[in-house]
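A single chain comes next, written as structure tokens; it is the form predicted alone.
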């Protein structure tokens, strides 16, 4: 099996990762949900009012433009407030729908999707059920599959971030649901069954997935294998040029969590819950089935740090691409598969020694040290020639840098600035 270009081998957290994968999935009941009305720089409109009673699956917010799919309640209860500004995982405070759980577990279901449902009907169900990419990007699933004809469907269960095992746990415990979702996605994308590949780095997860009867590809453990461009390169030996999406090359890539959500959607369940791994500097990692919008404080309370006398950083996601939480009051978003606790530490960056480690590690074949230099010198005209927008924000460059320079953070900021300038 061909490796993708660049990348790094990560060993930190592997033991905890496997322990978490084997861990039983625990259900966490949230007393209150916080569902933001500002997602991916788009304002959502509330579909409910303060005092309304809601069920699990009730639509509570939607995007007037139709770009983002609706947001649904993960509990039955009462809407306490609308437009209350509350912290979100992306940072800052945004208008929020606050729902108090009554503990009764009433559910509002969509009609089951017919087994013979056509591609358009499946795509419409993706929208109705609120599906987005569950691997972290959060791109609306209905937009990815709309009017799509692809040659290959790759289901991404690599989960190459340290410590996280939500996808592995999902693959081992909810295989029937995943298989149903995969077949619906293949129908929507008009992909033949022979061209479906379930992809993972874990031999144990591969063994579980092989019970599906679908073709499983076990890849060499290398970060960032879970990035869709690197997955396409490793599995199909196709290296995509800058700016070319996998779908434009005849390949559609979806996370295994999205496939499971599609399986639920076919049965009439909206996307209201997800599995979250709580791991890192903890006594025992756990996998939790959590309502979306659950405060991170409730999730963190499910585990104990190794010692109480050491300061801990809370990261939404994994240590490589996750976001450090400034507050645990924020509600869990659809795209977050982990809460990682790491000991606080500080270090000082030293001058770049031009060792080339960042260049060798970059999976996009960039020159990270030169992009950082352009950022520090304010030479924005160099961003585009240096292919800044091709950065994956994977963090490989910062990880291998012996000078401990914040390369990834600076390049990501430059990429964001360049893209916003284009828009």
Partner chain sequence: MRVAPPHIRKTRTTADVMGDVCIALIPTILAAVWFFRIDALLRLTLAAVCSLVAGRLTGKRDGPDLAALVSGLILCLSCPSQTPLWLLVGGCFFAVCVVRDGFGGIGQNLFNPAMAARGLMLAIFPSQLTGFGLPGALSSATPLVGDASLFDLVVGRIGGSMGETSALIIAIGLAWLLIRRVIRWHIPLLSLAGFSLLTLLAGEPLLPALFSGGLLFGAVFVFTDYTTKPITLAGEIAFALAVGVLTAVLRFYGPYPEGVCFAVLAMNLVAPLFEFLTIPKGVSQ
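None of these values were measured; they are calculated from a predicted model. Numbering follows the first chain given and starts at 1.
Absent from the display: the form predicted together with the partner chain. The rest refers to it.
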task: State yes or no: in the predicted bound form, is some non-hydrogen atom of residue 356 no more than 4.5 angstroms from a non-hydrogen atom of the partner chain?
output: yes
query: Is residue 210 close enough to the partner chain in the predicted bound form to count, meaning some heavy atom within 4.5 Å?
result: no
query: Taking 4.5 angstroms as the cut-off for heavy atoms, does residue 36 touch the partner chain in the predicted bound form?
result: no
message: Given that the partner chain is not shown alongside this chain, does residue 383 nevertheless sit within 4.5 Å of it in the predicted bound form, heavy atom to heavy atom?
response: no
message: the partner chain is absent from this chain, but in the predicted bound form, do 351, 398 and 409 each have a non-hydrogen atom within 4.5 Å of it?
response: yes
statement: The stretch from 39-47, 23-31, 387-395, 54-62 that lies within 4.5 Å of the partner chain in the predicted bound form, judged by heavy atoms, is 387-395
- request: With the partner chain left out of view, choose which of 280, 74, 322, 224 has a non-hydrogen atom within 4.5 angstroms of it in the predicted bound form.
  value: 322
- prompt: Tell me, which of 136, 333, 140, 162 has a heavy atom within 4.5 angstroms of the partner chain in the predicted bound form?
  reply: 162
message: Suppose contact means any heavy atom within 4.5 Å; which members of 357-372 contact the partner chain in the predicted bound form?
response: 359, 360, 365, 367, 369, 370
